[in-house]
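What follows is one chain in structure tokens, specifically the form predicted on its own.
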Amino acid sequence: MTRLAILDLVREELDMVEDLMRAKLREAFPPVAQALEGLITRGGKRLRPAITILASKFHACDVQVVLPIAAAAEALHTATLIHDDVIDGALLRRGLPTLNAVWSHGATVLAGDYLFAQAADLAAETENPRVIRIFSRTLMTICDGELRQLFSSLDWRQPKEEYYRRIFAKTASLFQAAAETGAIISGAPEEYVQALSAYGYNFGMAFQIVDDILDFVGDEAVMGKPAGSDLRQGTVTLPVFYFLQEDARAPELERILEHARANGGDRLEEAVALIRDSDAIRLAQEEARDFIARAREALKTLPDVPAREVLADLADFVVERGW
């Protein structure tokens, strides 16, 4: 996993989450187990299980109670990445070959499905009906968001509310569920549960907006994908929305995008450059910071314990990161 010093408070628990996920894979068909273990081992920042564990630290709780739902959050996230790569036809992620690059389309989809099912099985281990219900609804929300993104492809003039709905479904819903279920499973008071739910929602919205900004301004070598990948897929993100709404060159961008659609992506670099060098990036950054401010505000109702400071630091990391 990618080591973030911010998460040192829960480093031991995150290692336990990874061990649990790998142990569960031993039950899988060996080629699937090997492939999925490789994805888990080289996995990302572990933000979702970290937030689940941190959310459980506002009320006395045995860590063993939290591990299954924390592992479920990471397994669900990994499954969505597998399916995203199939939908996008992506052959690289973070500069490394995707499962989609080495397996057939059908096998890759089924591997993602297996991980979805394993995530649900981990959530069920909590034997907490409320946690299981939240997890199930989050899974439905994520799938709904992916479908909405597919069916809205190339709709450059869709309303901003549709963008919000998509990024909540795609990203923020799982961060919200991670925080909320961590609080619930610990037995925390309802006011803590709601505060952490609000934190997770706003954190997740900001996280996806920053991802969408980095798609234009991030270092391609660090990101492991070409700039403007979302634009190439026909996906409207917040920088695109602001450019089309606020920039006098919006008609020029639409002509370039229409040309690219008709000519296999030709001239998309021009579109990326237009947006990258426009005020749309600043406007999107301001919106991400607004969501983070709300996330930090939600933390104020929680006890002043080390976990609260880490969650606040994570919020700052989201808007400052370059990857």
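This is a predicted model, so every value here is computed, not measured. One rule holds for the numbers: they count along the sequence shown, beginning at 1.
The same protein also has a form predicted together with a further copy of the same chain, omitted here; what follows describes it.
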Counting only non-hydrogen atoms, the one stretch of 142 to 150, 228 to 236, 202 to 210, 179 to 187 within 4.5 angstroms of a further copy of the same chain in the predicted bound form is 142 to 150
Check each of 244, 120, 81, 90 and return the one that places a heavy atom within 4.5 angstroms of a further copy of the same chain in the predicted bound form. 120
Heavy atom within 4.5 Å of a further copy of the same chain in the predicted bound form - residue from 249, 94, 133, 157: 133
Are 16, 313 and 320 jointly within 4.5 Å of a further copy of the same chain in the predicted bound form, each by at least one heavy atom? no
Do residue 111 and a further copy of the same chain come within 4.5 Å of each other in the predicted bound form, heavy atoms counted? yes
Residue-level contact is defined here as any heavy atom of the residue lying within 4.5 Å of a further copy of the same chain in the predicted bound form; does residue 198 satisfy this criterion? no
Applying a 4.5 Å heavy atom distance criterion, does residue 27 contact a further copy of the same chain in the predicted bound form? yes
Going by a heavy atom distance of 4.5 Å, is residue 107 a contact of a further copy of the same chain in the predicted bound form? yes
